[in-house]
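One chain comes next, on its own, written out as structure tokens in the form predicted on its own.
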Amino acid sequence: MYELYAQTFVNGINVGALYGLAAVGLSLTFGVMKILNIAHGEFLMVGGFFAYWLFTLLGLDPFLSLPLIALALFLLGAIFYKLVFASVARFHEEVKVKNSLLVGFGLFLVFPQIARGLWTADERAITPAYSGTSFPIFGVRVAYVPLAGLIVTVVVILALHFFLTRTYFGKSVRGTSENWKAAKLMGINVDRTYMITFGLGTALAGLAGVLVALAQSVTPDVGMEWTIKALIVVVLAGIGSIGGAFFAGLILGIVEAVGAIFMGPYSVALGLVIFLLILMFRPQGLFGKG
């Protein structure tokens, strides 16, 4: 019994790290820009398929492709911000949320169709030689790929925290998130800050997509599932809490993994239950202020 619960706990941490990384990008864009991009999971899907292309066509190891995927998704996010989200960002906060939902829903409808044309509707997974290998620790099997994914997630989140707190541009991002009008009066280029922030959010989604394709698989329709997971984690952590999103992702992953022992496939509903309970009793989230 100990081995079962210990293995389940480890598996929950592995999945939770993916939830956390997927949610950090969404938390960043919503916390800074007040834009709720429900097509966030579609960028995750694109990142996974890009990594799959690089692996199958060029033989590039998925972990070595992470910088390329991050750069490609950053540029893609910046382009989409300028094309479709820049006009939304000028509105009042409530209007921004509503209009960004509509824009994101449009992207949610378009992206899977493009993905089907490029990669068909089949499931795609990245399977390097070390995929599926593991090592034992106290009777628990720890797989190399999820462990490496966990390490990548921690490094990325720490790097993002350093960027936001120790660099001049990071300070401008935090200032813009507090009051964009005051930031503009202080000489901050708000539109450029928004564009780079949105690009960072999509780059983080792309990195999560690579790890998802390694640990599980990706399909053209996987985006909404991961958007919902990211939303649950963001609400659980609190809007704009970067480190909190990581720990909230771990909590959700562990709860779902342990719940699967007792509830089977119905354990996925636990995330929605947590989502509703947090909204009712602690709307600022576990790590939010208030």
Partner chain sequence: MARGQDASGWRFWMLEVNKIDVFHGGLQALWEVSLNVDEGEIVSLIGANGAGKSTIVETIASLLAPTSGDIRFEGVRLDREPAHKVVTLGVCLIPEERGLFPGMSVLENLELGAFTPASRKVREISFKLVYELFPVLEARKNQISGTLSGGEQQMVAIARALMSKPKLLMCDEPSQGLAPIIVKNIFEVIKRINESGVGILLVEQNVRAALGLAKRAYVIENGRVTAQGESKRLLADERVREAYLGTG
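Fair warning: this is a prediction, and the values are worked out from it, not measured in the lab. Positions refer to the first chain, counted from 1.
This protein has a second form, the form predicted together with its partner chain, left out of what is shown; the following refers to that one.
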- [ ] Evaluate residue 131 for contact with its partner chain in the model of the complex, applying a 4.5 angstroms cut-off between non-hydrogen atoms, and reply yes or no.
- [x] no
Open item on the list: Using a 4.5 angstroms cut-off on non-hydrogen atoms, would residue 189 count as touching its partner chain in the model of the complex?
Closed with: yes
- [ ] Could you confirm whether residue 174 comes within 4.5 Å of its partner chain in the model of the complex, counting heavy atoms only?
- [x] yes
TODO: Look up in the model of the complex whether residue 165 has a non-hydrogen atom within 4.5 angstroms of its partner chain, and give yes or no.
DONE: yes
Open item on the list: Which residue, 159, 185, 121, 151, is the contact with its partner chain in the model of the complex, using a 4.5 Å heavy atom cutoff?
Closed with: 185
Task: Segment assignment from 174-182, 123-131, 142-150, 203-211: heavy atom within 4.5 Å of its partner chain in the model of the complex - done: 174-182
